[in-house]
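Take a look at this single chain in structure tokens; it is the form predicted alone.
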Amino acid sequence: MWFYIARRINLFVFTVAVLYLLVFLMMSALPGDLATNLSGVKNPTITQTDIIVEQYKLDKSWINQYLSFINQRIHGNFGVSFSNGSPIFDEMLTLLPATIELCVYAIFIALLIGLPLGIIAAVYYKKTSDSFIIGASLVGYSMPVFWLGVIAIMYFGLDLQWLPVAGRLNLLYQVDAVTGFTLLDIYLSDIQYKNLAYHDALAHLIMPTLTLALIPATVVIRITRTSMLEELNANYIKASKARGVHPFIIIFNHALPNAIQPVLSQISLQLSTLLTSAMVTEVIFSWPGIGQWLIQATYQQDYPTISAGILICAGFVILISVATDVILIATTPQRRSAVHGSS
């Protein structure tokens, strides 16, 4: 297993190196001066130019420039933004928790909805419940995120006025951003009316989280249904039924632990789609996260910010995918056997 983990780490390093190479080549091909695109400093002075050339080795070969680019980014030097001159790394640290919060809650809701419905569809295979759930999941999967978000705002936010349509928390609640996660910051704060603040924060979360969770939930339904059908038709399940084991125990104690493994693998693969959908969701609901930040940077042609966002988002997806794969190998004898030929 340790050999497999080392191999996955090597793959992660190689993939990240290729990612940095592609971003570096993109920065070199963009209009404007390379020193300005890499550092974000517009109209640098002679002293600043010398410092940038030294940092990124712009007077040397492109291999040295590429290695210096990696070195600067790894040490947190992403330059400054074209639009406001602020350090990009500080902006990312401020905005990243909002995106992580939205994505984590969306995945949780997707599992909360998808797992039970997938199990029901498998248990009642080819019956009315199965057909209804599969049909509903296909409809949900085909709905564009931007359309669903706009409909939710128009109906629940404007017509019924049940839920807030923008932001993370009402401005009436002055909560210091200690961690960047709204619910945790409310818990750590000493403001009055914490319960009302929790209620308001959860109300702000409902529409963007459900909008973002729709597509992952439909994927979880289908993967869970397929995995459960395979497990329910396995010989050990048939033997348990023959011994008179209660169906509830068969489903939740025997079939589900094995069927859930492909679901967890699929969730890690859905991260790239989830982050893409999160960008659209954040713009629609004015959610102050990485997605909205990147969309604004694209409109403003803020090249250093765009490159930093690509590196962070893509690197995060690669890291989670590798970590999930390693955890599943470490905790699942069947997968270890498939990789190594033994458990």
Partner chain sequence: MARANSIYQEDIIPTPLRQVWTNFISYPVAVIGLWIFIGFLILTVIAPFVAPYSPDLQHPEALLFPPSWHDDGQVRFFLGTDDLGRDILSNLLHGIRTTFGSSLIITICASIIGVFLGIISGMSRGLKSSILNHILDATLAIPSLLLAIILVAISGQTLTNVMIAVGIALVPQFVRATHTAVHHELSREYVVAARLDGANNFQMFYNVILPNILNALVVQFTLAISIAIIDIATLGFLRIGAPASTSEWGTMLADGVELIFIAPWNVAFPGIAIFMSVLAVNFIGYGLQRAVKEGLG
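These figures come from a predicted structure and were not determined experimentally. Residue numbers count along the first chain shown, from 1.
The discussion below concerns the form predicted in complex with the partner chain, not included here.
**Student:** Taking any heavy atom pair closer than or equal to 4.5 Å as contact, tell me whether residue 51 reaches the partner chain in the predicted bound form.
**Tutor:** Judged by the heavy-atom cut-off of 4.5 Å, residue 51 is well away from the partner chain in the predicted bound form.
**Student:** Using heavy atoms and a 4.5 Å limit, would one call residue 125 a contact residue for the partner chain in the predicted bound form?
**Tutor:** It does: once the partner chain is placed as it appears in the predicted bound form, residue 125 has a heavy atom within 4.5 Å of it.
**Student:** Under a 4.5 Å heavy atom criterion, is residue 324 part of the interface with the partner chain in the predicted bound form?
**Tutor:** No, residue 324 stays farther than 4.5 Å from the partner chain in the predicted bound form.
**Student:** Using a 4.5 Å heavy atom cut-off, state whether residue 89 contacts the partner chain in the predicted bound form.
**Tutor:** No, residue 89 stays farther than 4.5 Å from the partner chain in the predicted bound form.
**Student:** In the predicted bound form, does each of 275, 283 and 306 have a heavy atom within 4.5 Å of the partner chain?
**Tutor:** All of them do, each having a heavy atom within 4.5 Å of the partner.
**Student:** So the partner chain isn't shown here. In the predicted bound form, which residue out of 77, 226, 265, 189 has a non-hydrogen atom within 4.5 Å of it?
**Tutor:** Spelling it out, the residue with a heavy atom inside the cut-off is 226.
**Student:** Note that the partner chain is not shown here; using its position in the predicted bound form, name the residues of 4-21 with a heavy atom within 4.5 Å of it, in sequence order.
**Tutor:** The stretch touches the partner through 11, 14, 15, 18, 19.
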